[in-house]
Every structure is written in structure tokens, then in C-alpha cells.
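Taking the form predicted alone, here's one chain by itself in C-alpha cells.
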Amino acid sequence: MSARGAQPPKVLRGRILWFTADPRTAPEPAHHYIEDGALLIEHGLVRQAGEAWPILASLPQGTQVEDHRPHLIMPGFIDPHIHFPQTQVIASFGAQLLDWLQKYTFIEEQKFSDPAHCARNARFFFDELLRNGTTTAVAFCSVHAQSVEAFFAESQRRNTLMIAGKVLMDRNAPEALRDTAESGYEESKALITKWHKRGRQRYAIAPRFAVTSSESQLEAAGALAREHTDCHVETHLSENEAEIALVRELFPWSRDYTDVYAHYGLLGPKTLLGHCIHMSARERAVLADARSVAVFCPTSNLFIGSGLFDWRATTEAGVRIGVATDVGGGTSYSMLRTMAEAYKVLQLQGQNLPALQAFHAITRGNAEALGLQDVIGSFEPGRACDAVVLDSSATMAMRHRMATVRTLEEELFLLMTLGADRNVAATYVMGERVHGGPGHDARPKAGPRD
């Protein structure tokens, strides 16, 4: 854990909410909610979370108190699948996955051979995440090592906990975006040595997907995973039916798409698999046995026309789940917008997504998916104080609806249904405010809960 210098203690005050377990399965309340709460922060970490007055009464005179009442303070949002080079691909019209890659994505990603372009985009990327209350993400960089350098340099400057890696891609892509099995291995290894666990940074071994990696490259990726067991692995699985058919042609010996990754040793508890839509019972059983994570990307799945993620079948098979934006196939950086679309995807399948489950998913649930629940995702003592302050009355329509809201769960459902970046009054990283300020009112103001 990294903190910047000797920071004096400070307090964040507001309505505090965090989760201790999955509301879907917990035998008792799985969250703490404090109407007038306080977070005592020392060296960027939560020292104490509880009722405001006992904490405030015990503080030395002059301790800084940032008062966000009547707003809601939650752990910062976590996005476990997003593409750093696709900030100018988002909102590209009219193609499904394989055509979309060729027509839009690969064209934009070639620009990341330029370090200055990488640096400019990194600044935008982090500004946008923090503006949306996202304090940790798992990102694909481009095939260029300099894209990873720019990403981690910017993350280190902001003191954010990020997981990212250089894409491995040696076939079925433009020549300017191809590495080789050998160069991809060597560049990834050098980047791991430089950046993995440097401050708050973490590395992910990142074969883009089976379509764009040869068998030799997948072998090399598997070797990296065996040599660096504390690194994550990020890739894509069963997003699109044409993609699945192409994998069948490229790997005729495999039983199915999942079998390809299993064969090369790329499945395990630190493996994050984007999409996992068109899955057989056998494949879900393999993922469950490996403790790998299926990452649900609702806005992307709808926008690119890939299909509907089956949360019920996935959880019943025992597969761990994360939920992510998948920008730029996804259409919003906001985890609030993402959960609105997740709700609709499940409604179309006769399933449901209660608000408490949704907010658990994008905080502690995604932290658990990353194996980082002891570091981020809640306000238990010793966790990083990465936090988001949410204004449930940020728009006229929401303020009008809030007049009839009577419970916390109703308010959370309003936030996940109508919420977006405008509801983020402030974002904190290691206890330091990195978004929100004089231009975004986070001061005490009249409200139905005052």
C-alpha cells in the first residue's frame, strides 16, 4: 500500500455505506449503513468507520473534517474490464465484434505507437474514470509497451490502484499491431519487472483473445502466468457467435473455446474473462473448478449485439462474477449506467438485480473478483480510503423522485437507474480528493434526510 508523505488525519462525514458480504447469499444484513457517519483516515487508510459524533469527539482540535451531508459515501467503484486505447472508439456505429475490431478498434490502437499520444490519452482516461467515481480498473493497453508505460506512469502520479497489461497479439490483426510470441513474452516480462507492485500498480498478462494469438503465443502467455503467479490474466471468452466459430476453426483439437485457455494454463483464480455469454454447462464447470472470473459487460454486449449474459446460470454453476464497462465497446464509463443496463439484460431473461446486490457488485464484489477485498472495496479498518460521494438529487428528475423515496434500497435503485457521472459529487484516492471541489457542490445542504 502506498501513501503520499506524512498526511495528517482527516475525517469524511456523510451517510456511509459499505458491504461486508454478498447480499444475495448472506444469512444476515450484508452491509453497514450509518445515517450520520464518519470515516477517520490516516496515511490514506481507513482507521475507523462509524457514527460521527463519537469519532468527532475523540479527535484533536483542528482535525480536517470534509462534510458531505446529506450525500452518500461509498467505497470507490471498481471496473474489472476496460480498454485504455479505446477512448476514441466508443460510440462507433453499426458493427458486431469482429468487424468492429477491424473497422474501428485496430485503426485507433495503431496510434498508440506514439508515446505522446499515449500520454494524452492516459490523462483523459484517468480524468474520466475519477469523474465517474471509479478508483480501480483492470485495463487492456495496446500491443505497444509505451502504452503500458504511459498508463502506469499516470496511475502512479494519481496514486490509484490499477491493474493493466500489454496486449499480446501476433495474428489476425494489422501488421502494425502484431508482436511475436517471443517479443510479447520479453516485453511483458520487462514491464512486470518494472511495474508490478510498484506502489499501487499491478500487472495483468493480456492475450487479447484466442483469435489474435497463435498457439506459440498462448504457450508464452501461459509461461508468464506460471512464472508470475501473483499477476492477473485478462482476456476475452465467448462474446460473439462468429468469434466462437472462428476459434473452432483455429483450434480444431479443442473441445470448446474455454478448452483453449485451459490447455495453455491460462485459467485460475486470478483470471478475468470478459463476456462469457455463449457458454455450455461444461465450460461453466471448468471455470468454476479453476475459480476464474466471468466478467459481465452489459452496455458492450447490447451495443455490439453480442447477446445476454446469464447471471443465474453462471452463479448456479459456481462461477465467480465481475461487472464492467468494457469501454469502448461499452457505452459509458459510469458504473451506475453499467448497472442500469445490467438490470435490463437480466429482466429480459426473467431474472432480477436488486439494488443492494448491484452496489455490492461494483464495490466489494469486484474487489473479491480481483482478490483485493483486503485492500479495497469496503471501509473496514486498514482498507485504502478510495471513496465516491454520491448525490442522489443531482438532477431535477431525481430530486423530484427522491421526494417519495423512503428506504435506502429505493434510493440506491434510483441511483443505478437514473444515475451517471453528474451524481458523483467527489472522488477520493487514498483519502485525498481527486475529483469534485468548488465547481461541484459537496457542502452540507438541505435535503430530506437532514
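These numbers were taken from a predicted model, which means no experiment stands behind them. In this text, residue numbers run from 1 along the sequence as written.
The same protein also exists as the form predicted together with a small molecule; that form is not shown, yet it is the one meant from here on.
In the predicted bound form, the residue from K166, H275, H71, R364 that sits within 4.5 Å of the small molecule by heavy atoms: Going through each option in turn, the one that passes is H275.
Of H144, H232, H83, R320, the one that lies within 4.5 Å of the small molecule in the predicted bound form (heavy atoms): Only one listed residue qualifies here, and that residue is H83.
Options 117 to 125, 346 to 354, 217 to 225, 204 to 212; stretch whose heavy atom lies within 4.5 Å of the small molecule in the predicted bound form: In short, 204 to 212.
W100: touches the small molecule in the predicted bound form, heavy atom cutoff 4.5 angstroms: It does: once the small molecule is placed as it appears in the predicted bound form, W100 has a heavy atom within 4.5 Å of it.
Interface membership of S300, the small molecule in the predicted bound form, 4.5 Å heavy atom rule: Output for S300 is yes: heavy atoms within 4.5 Å of the small molecule.
Proximity of A150 to the small molecule in the predicted bound form, heavy atoms at 4.5 Å: No, A150 is distant from the partner.
Contact of H236 with the small molecule in the predicted bound form (heavy atom, 4.5 Å): Result yes; H236 sits at the interface with the small molecule in the predicted bound form.
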